[in-house]
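Quick heads-up: it's one chain on its own, the form predicted alone, in structure tokens.
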């Protein structure tokens, strides 16, 4: 039975590059996929494109392509990625320029655009999941991108593309595209589309499934995390998958690492909504079949909803933050006094905040005072953060923390402050007809 090998070269925008190089060199791959978008990432990319119309794609695109393009061209590996973010055409042009500078011939690059649904949302004033409507955001909207499916990736591959660069495609769709192209699955074969979604979901976060997110020393030990190998999916034409990695790379592939990733970010395993299918993982079987080799079988699907999840990025507010450390005997007491001082100072000086946090990192910053344990640590870090309606007002928050240097309590050091604009994300559902994916070939 025909089998193809797909490597996961990145699980997020800033991921390591060396594991992708290792996959391209030693993975015996047919495809190398870089999944680099999150909900806020594309909103920030849209912001960047507003400042520079030639930008708006992943900042590491150039470095990644210079590293892997020559290897992939030599080994016949095709690249699929959503590093196009807010500007797939610009990313494709940049990739073509890199290929030419490296004197690579025969590299055919496709850009997939059409996921921007701002106009549709504006015309239809769609409801958002935060209880507001699109119009209520006014001129604060930065982006509105729908999660499109695998069909345009299949089209690009059918046109002979060696590199396919999308914007906001659904994460599993990046892996589904090659499967549909190679195996000829029909776009209404819900069982195979469900299994293809399973493949994409397991591979999309790269090092998570090879033990990175799994590791917990003394509880779930994973070797070689500094040289963590990224996963390879050996996928058969019937949708069965073997998850593995390059021999000798760090990390581990076990049924346990696979099961953790299987459940990651899944609300209902029987109904995982995707643009191409409603996937059902409830009957999936996970089996150890060799060293760093795990077979995943089963999975099915139901007809798609014909609705697309859309991420709407908007300027929400501004956050000011300040931090300072205390160490030695009585460090926690001095840290709490520092928080009390800043809390009172912000009130005395009239800093206007809509929300604020006063934390001791390492004591109560994640789960609150009720969950903190007995016994004072030898060192703590004070953190004060607040939300404000202007950048100037937000900057006053960190400034008050910085003044603790000389205004007490004793022994503060390593003060740091910042004020920044916050881009928030809301979600909407739009009909699939609201997005019109377009494939453009940038030539060789």
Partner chain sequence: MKLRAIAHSRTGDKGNTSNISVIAYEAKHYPFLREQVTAERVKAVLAGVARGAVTRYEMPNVGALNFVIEGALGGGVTRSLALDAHGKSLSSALLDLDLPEPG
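Bear in mind the structure is a predicted one, so any value in this text is a computation, not a measurement. Residue numbers count along the first chain shown, from 1.
A second form of this protein, the form predicted together with the partner chain, is not displayed here; the remarks below concern that form.
Taking the partner from elsewhere, residue 305 is found to have every heavy atom lying beyond 4.5 Å of the partner chain in the predicted bound form. Proximity of residue 344 to the partner chain in the predicted bound form falls outside the 4.5 Å heavy atom cutoff. Remark: residue 262 counts among the residues lining the partner chain in the predicted bound form, judged by a heavy atom distance of 4.5 Å or less. With a 4.5 Å cutoff on heavy atoms, residue 365 counts as touching the partner chain in the predicted bound form. Comparing 241-249, 351-359, 75-83, 98-106 against the partner chain in the predicted bound form, the single stretch with non-hydrogen atoms within 4.5 angstroms of it is 351-359. Using a 4.5 Å cut-off to the partner chain in the predicted bound form, not one of 292, 295 and 428 places a heavy atom inside that distance. Residue-level contacts in the predicted bound form: of 157, 338, 126, 319, one residue has a heavy atom within 4.5 Å of the partner chain, and it is 319. Contact with the partner chain in the predicted bound form, judged by any heavy atom within 4.5 Å, is made by just one of 330, 256, 133, 191: 256. In the predicted bound form, 261, 262, 263, 264, 265, 266, 267, 268, 269, 272, 281, 282, 283, 284, 285, 286 are the residues of 261-288 with at least one heavy atom within 4.5 Å of the partner chain, listed from first to last.
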